[in-house]
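Just one chain is shown here, as structure tokens, and it is the form predicted alone.
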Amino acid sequence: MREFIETIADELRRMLGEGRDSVPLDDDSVRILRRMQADELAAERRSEISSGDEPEEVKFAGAEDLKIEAKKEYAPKQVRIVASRPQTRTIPDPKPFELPDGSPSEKWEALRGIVLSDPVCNAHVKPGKKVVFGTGNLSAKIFFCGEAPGADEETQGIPFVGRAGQLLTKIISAMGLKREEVYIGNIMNWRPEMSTSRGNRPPTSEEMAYCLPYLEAQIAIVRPQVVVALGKTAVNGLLGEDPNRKMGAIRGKWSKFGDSDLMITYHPSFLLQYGNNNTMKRLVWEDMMAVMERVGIPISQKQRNYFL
């Protein structure tokens, strides 16, 4: 039961990170969620779910940073996903640092050492886990920027090695490239803290601001022609937060980040929610073809017909 509940909570967090602020639920679904929560709370001797005329709140055990509010006047009920501010330690302003003169590899090694030994990064990493630093070709034309590390990433210290990472690798392969030919980094160097070992949450603006100089330095070393922002969290980290920003409106749009062109697309985890939905896959693939054209990678007719 706990694993099932945490899986649902994880999917809600990912929706929230992609800009989704609500999901429709019918009466039966709401009743099922309430019953699941009641069983979980009873098992852990926690207080019962309150009821009344006010909007009813169902709080998942193991997902303390999310609330689900079922508005009674909606039919079907519209469940609003609300993220409460995570309880993390105060994040200081980023400290200035300097990289030595030298080749890109020498600068990258120096930067990697700075990040992996950063006291703030390490203070927010759970015991036995790792700070996550970017990896890939230092002469790459394409720089994929994700959001924050997950459980697999903090275990290995490498970005995009979980399910979403496996899908990203497949996308890169479909572009006619190998993972080693691109560069992959994250907006964050540590997995945002949670009260449980499962699930993820979007990083706060303070967390992203602290890690941004390290990401900027990686981009400056690689000097990619295109940066691909994977998901709304990555966009917020790179361009600054905008409460009116919706992924559906900005996806597939070109922007700029420093000297690099910036392509905005969905995070691979977003595609995982839709399973074999070729419509959603096609949207991301169109974005990747635009990136391929921008950097001069030939596109075959077979590639142009993917997911049609």
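Please read all numbers here as calculations on a predicted model, not as lab measurements. The first residue of the shown sequence is 1; numbering continues from there.
The discussion below concerns the form predicted in complex with ligand URA, not included here.
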Self-check item: The single option of Pro224, Pro159, Gly237, Pro202 touching ligand URA in the model of the complex, heavy atom within 4.5 Å
Solution: Pro159
Quiz prompt | Single option in Cys211, Ala148, Ile142, Ala229 placed near ligand URA in the model of the complex, where near means a heavy atom within 4.5 Å | solution = Ala148
Practice problem: Kindly indicate whether Asp118, Lys129 and Asn189 are, all three, within 4.5 angstroms of ligand URA in the model of the complex, using heavy atoms. | Solution: no
Self-check item: Contact flag, Arg251 vs ligand URA in the model of the complex, heavy atom cut 4.5 Å
Solution: no
Quiz prompt | Heavy atom of His267 within 4.5 Å of ligand URA in the model of the complex | solution = yes
Exercise. Specify the contacting stretch among 134-142, 148-156, 110-118, 90-98, defined as having any heavy atom within 4.5 Å of ligand URA in the model of the complex.
Key: 148-156
